[in-house]
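A lone chain, given as structure tokens: the form predicted alone.
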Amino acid sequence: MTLGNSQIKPDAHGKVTGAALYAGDLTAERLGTQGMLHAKVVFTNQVHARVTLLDVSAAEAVEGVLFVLTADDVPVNEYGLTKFDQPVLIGPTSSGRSIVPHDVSRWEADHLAVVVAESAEAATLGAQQIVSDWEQLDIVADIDAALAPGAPLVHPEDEVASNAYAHLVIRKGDVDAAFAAADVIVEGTYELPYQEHAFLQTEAGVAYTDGEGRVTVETAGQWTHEDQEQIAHALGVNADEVRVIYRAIGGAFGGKEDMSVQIVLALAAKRLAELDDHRPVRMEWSREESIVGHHKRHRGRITTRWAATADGHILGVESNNYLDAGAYNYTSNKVLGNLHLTVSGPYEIENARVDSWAVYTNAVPGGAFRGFGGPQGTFAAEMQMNKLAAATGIDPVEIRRRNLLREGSIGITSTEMPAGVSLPQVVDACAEAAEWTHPKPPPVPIASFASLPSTTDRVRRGRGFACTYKNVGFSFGFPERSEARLVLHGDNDQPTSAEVFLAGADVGQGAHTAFVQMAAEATGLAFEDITATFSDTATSGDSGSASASRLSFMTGNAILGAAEEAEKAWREGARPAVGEFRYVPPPTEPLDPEGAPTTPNFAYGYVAEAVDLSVDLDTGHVVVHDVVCAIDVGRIINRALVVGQVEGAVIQAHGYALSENLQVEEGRVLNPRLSGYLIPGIGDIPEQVRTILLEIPDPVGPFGVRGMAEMPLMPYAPAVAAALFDATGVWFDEFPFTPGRLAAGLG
């Protein structure tokens, strides 16, 4: 038995000693090549403008510069994960095909050119010599500007002649009657902030043409085969003419799901091959380029009201929700779907009218980030539930028990929830571990500033509770799948070892360790007898993305199927015995445009959190003493990794809730350095995080496994807000809860 053990990660030694190769480590020396070229991508630095002149001649004249790529060098000048709405390169002319106008910069980090040179210094100097002229266009700075009457269209070519380009609806029951019958109505407008992914390794990679003539990109991402498809599309070639390999990945959290260096590096490698130059070309972004140049968790606004009876039963929900998609869609339409489903909470709602929009602006694009839409929807839903508890005088945990989704419940889209709903057990486990009904501990001193003595005179203690649910896997009818290949080796009696080939990315969470543990469990072999090849489109079928809490669930099922096929081949005498399997989960459906019943997801995960904190009424400083996170994981694969995921998610949520404050004005990021974007340090994080793991098997998960990596982030911010209310009697509907914001609200 290997499941449940805290197996040490096979890549751990290399990562702590420096032997592991991350994308930024791919130098000529470490690759063993005879030289390496360097590429520099040039941002437009234009929030909204039309380019009228682009002159790269001075850049090409710089000593050491080989060539400069512009829009004229892109065969198909368009890309996008779910919608082709972004040019690869902006230019006044483009010889390739593009369905989106290529001469307009819609964001300060649109790409203008790529300089390829003998050295990084020459590439940077060449980039500084590029000359461009621009016709300035009106800036659509935010949601309000985008929705204003007569607002300029960020994408006038789009078939929807509005900046609000994606719209989702829920129509369930009779909402007007529900509000007319209500004893209590609670309302709120919630402002939702950006969050920067701040992964350890910035965007980096190398590209070259391999021995089989394939344009090969070695990088760090979340979905090798989708990277391959987007690169091939832009290059105008078949997918099998492109190879994508992931090296060690220094974090992602959704921020490496979209393109950054991949396509432009591939263009450079293609040009080099045409010049019969087969040296690899390297690119690595600075931290400032990274913060300016990749998408963020969406900022947004939710206005909602809930109707309930005096005994706390929810009668109806009405909500209007907006996400700022920024200049391009990225995954905004998918993120919007998750917000849409979570904004009414993990509760039985008989009457609902919910409208959600994704809105184009000229700001930094929004995209996937741990929970993608779920944290935003959950904040509004759990704020409403805690306000409802306060308005009715019912305990926050008890009022949840009266409304929770449970086995057989009809979900918000008017169809039965997938089997295995464990919310009641999760909520009870969290409340019990947090000793919810016990008296609160007394306040403790807070030393807000080193120059001030700590005191308890103006410190208040509070506790808050929140819970939520989130989908596992791709939703809304997307063709979800995962492929695995497993090869058994040994003598004529029993297999003695196995190889597995999987494309799934390990972005630091330990997925590859979990895969090997599941392969060992499926074959009956020891962990040490499994060898694995990962994240290479040339050796593996499509595993899908390392996102949506899906990878262990989906790949685990694919491993089980491949092991079964290999064992069948073994019994039939094949040596070695090969098993290949493509797992396809139960189907899902896109949301109906009129709100008719649909099944948007095939599985969910469930989580609850309780937060105990102290706040200084004068300075607004907060100390979080204790966090209890209860989560149903279905079946533990690797206990240490699961606990690490919970603790990491809570700490990431702590930054989202309390300190991380990305400033974007008139389309520009104003604090693009970690010195001005405050990620929690070791002295800032909660004093204690207690993880309560439940193992209630998911009926269709491998070994009963549920996805769980995103869920612990989602209820944290509303639990903190509830604790602040408990301590101060003040609701804060906008976060992060920085000292300045809290002090002003308490003043």
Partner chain sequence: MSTTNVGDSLGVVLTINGKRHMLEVEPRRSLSDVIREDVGLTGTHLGCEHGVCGACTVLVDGQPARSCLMLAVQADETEITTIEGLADGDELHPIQQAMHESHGFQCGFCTPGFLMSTVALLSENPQPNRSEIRAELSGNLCRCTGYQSIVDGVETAVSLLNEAQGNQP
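Quantities reported herein were computed from a predicted structural model and do not represent experimental measurements. Numbering follows the first chain given and starts at 1.
Although not depicted, the form predicted together with its partner chain is the subject of the following passage.
J.: Candidate spot 214, 485 and 538, all three in 4.5 Å heavy atom range of its partner chain in the predicted complex?
T.: Judged in the predicted complex, none of 214, 485 and 538 sits within 4.5 Å of its partner chain.
J.: With the partner removed from view, which of 244 to 252, 158 to 166, 566 to 574, 221 to 229 is the stretch that lies within 4.5 Å of its partner chain in the predicted complex, judged by heavy atom distances?
T.: So the stretch in question is 244 to 252.
J.: Of the residues 523, 202, 319, 545, which one places a heavy atom within 4.5 Å of its partner chain in the predicted complex?
T.: After the contact test, the surviving option is 202.
J.: Do residue 369 and its partner chain come within 4.5 Å of each other in the predicted complex, heavy atoms counted?
T.: Yes, residue 369 lies within 4.5 Å of its partner chain in the predicted complex.
J.: Would you please decide whether residue 674 lies within 4.5 angstroms of its partner chain in the predicted complex, comparing each non-hydrogen atom pair?
T.: It does: once its partner chain is placed as it appears in the predicted complex, residue 674 has a heavy atom within 4.5 Å of it.
J.: Answer yes if any heavy atom of residue 77 is within 4.5 Å of a heavy atom of its partner chain in the predicted complex; otherwise answer no.
T.: No.
J.: So in the predicted complex, does residue 193 come within 4.5 Å of its partner chain, heavy atom to heavy atom?
T.: Outside the cut-off, so no.
J.: Sequence order please: the residues of 21 to 36 with a heavy atom within 4.5 Å of its partner chain in the predicted complex.
T.: Going through 21 to 36 in order - heavy atoms within 4.5 Å of its partner chain in the predicted complex - the hits are 21, 22, 24, 25, 30.
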